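Here you get one chain, nothing else, as structure tokens; it is the form predicted on its own.
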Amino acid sequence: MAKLTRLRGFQDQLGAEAEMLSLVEARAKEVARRYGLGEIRIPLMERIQLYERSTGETSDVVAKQMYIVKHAQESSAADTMVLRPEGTPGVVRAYIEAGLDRSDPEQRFFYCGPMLRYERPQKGRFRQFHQFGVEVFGRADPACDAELLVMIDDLRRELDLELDFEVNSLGCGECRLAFREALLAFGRAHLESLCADCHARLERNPLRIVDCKTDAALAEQAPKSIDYLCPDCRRHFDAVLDLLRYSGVAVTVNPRIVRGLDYYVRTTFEVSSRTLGAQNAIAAGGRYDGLVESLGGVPVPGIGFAIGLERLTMAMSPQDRHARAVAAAAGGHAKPPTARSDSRQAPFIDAAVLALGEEALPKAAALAREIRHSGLAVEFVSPARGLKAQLRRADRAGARFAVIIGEDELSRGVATLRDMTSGAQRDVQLEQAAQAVSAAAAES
């Protein structure tokens, strides 16, 4: 009898390797908790139309990489199902189906689980792989874009990794249209130099020229999206970069990051490791403000990212992977568990940070990060709102405390610490605000 072996492109994870993956997943979930994210679980199988309408028919994911599931009793095109190749479309579908786009648009989710794509197996690329992802709905402000990159940087620090952060902006629909026309003209002018794939998709999706690995040298000469940004999109992108610099996250602007999926607008980003060789991307994501509406919901902005967990573990040194896995298997921790990892219903928000005015924004963002580093769960409320609206959001999120920083507080070097239950508030020195929140949380 022939020996049964695993399918090509799939892998078994045994012992220390499985423990390491579980440890990294646990770390990611703990960071998500500190950012006030709630867990969402979505099906492994969806209708093919979900990805055709979101990811895009010209994307490699839809055109080449999906596993199609057929059943003898369900043979119509409408019944065609696929194993999920990515998480975002499924989360958006669930968000709309639950009616949240209409009843409670601002939502913060994380998910974790296997994805399946038919790709050529190689180091760092498997046909079944695990992703940890984050999706935030109802936030269009640049502070939210920057916050997600800061979150990835916090996970990087937790795992003691050296990673490279690259960002770009595709602009809004109008910017993207102008950029698309410029790329189309460029592609037609260099048609003989394009690879077969770019030939086939040039007219339908010329943005794919920019991120094509085969035509990488030619792509360096192609038009750049940041040269076609309208004033609003330019201000949005500059604000993202300023907040990242203030938060201590080193980023490089890379005009070639356009992402291979149709739904991205404005901020896009990739995070990579120099230790992984050709398949060095660890995390990627961006803003998709039109996706909810395109899938049948109301116009709600969105942004998210996904991390490849196998690649994240591969970025660690073999010695570090072994030490952490042994500690996890023995019931220990590579680092002490953070505060408040209790059995309260998630998401549980210890504090909401409120910024009033542009001058307060960097200080508030930095303070939110500092409080999270003490192990507390924090939501950095959208600064696009006024004080009353921000306080309503803090109350809706279940925050025990609100930390308010405005022009008046900045001029006095303080922050206002408000107890959301009693309404009592007091001034605390801005430099000691994080400690004051931690002490108040411990006393309550």
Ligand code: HAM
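Sequential numbering from 1, following the sequence displayed. What you are looking at is a predicted structure, and each value in this text was computed from that prediction instead of being measured.
From this point on, the text means the form predicted together with this ligand, which you will not see here.
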Please determine whether each residue of 142, 290 and 297 possesses a non-hydrogen atom within 4.5 angstroms of this ligand in the predicted complex.
no
Of the candidate stretches 229-237, 249-257, 125-133, 165-173, the one with residues having heavy atoms within 4.5 Å of this ligand in the predicted complex is 125-133
Quick check on residue 366: any heavy atom within 4.5 Å of this ligand in the predicted complex?
no
Heavy atom to heavy atom, is residue 202 within 4.5 Å of this ligand in the predicted complex?
no
Within 4.5 Å, heavy atoms only: does residue 284 come near this ligand in the predicted complex?
yes
Heavy atoms within 4.5 Å of this ligand in the predicted complex: does residue 306 have any?
yes
Answer option from 108, 117, 180, 156, heavy atom within 4.5 Å of this ligand in the predicted complex:
117
Please identify the residue among 88, 268, 313, 273 with any heavy atom within 4.5 Å of this ligand in the predicted complex.
88
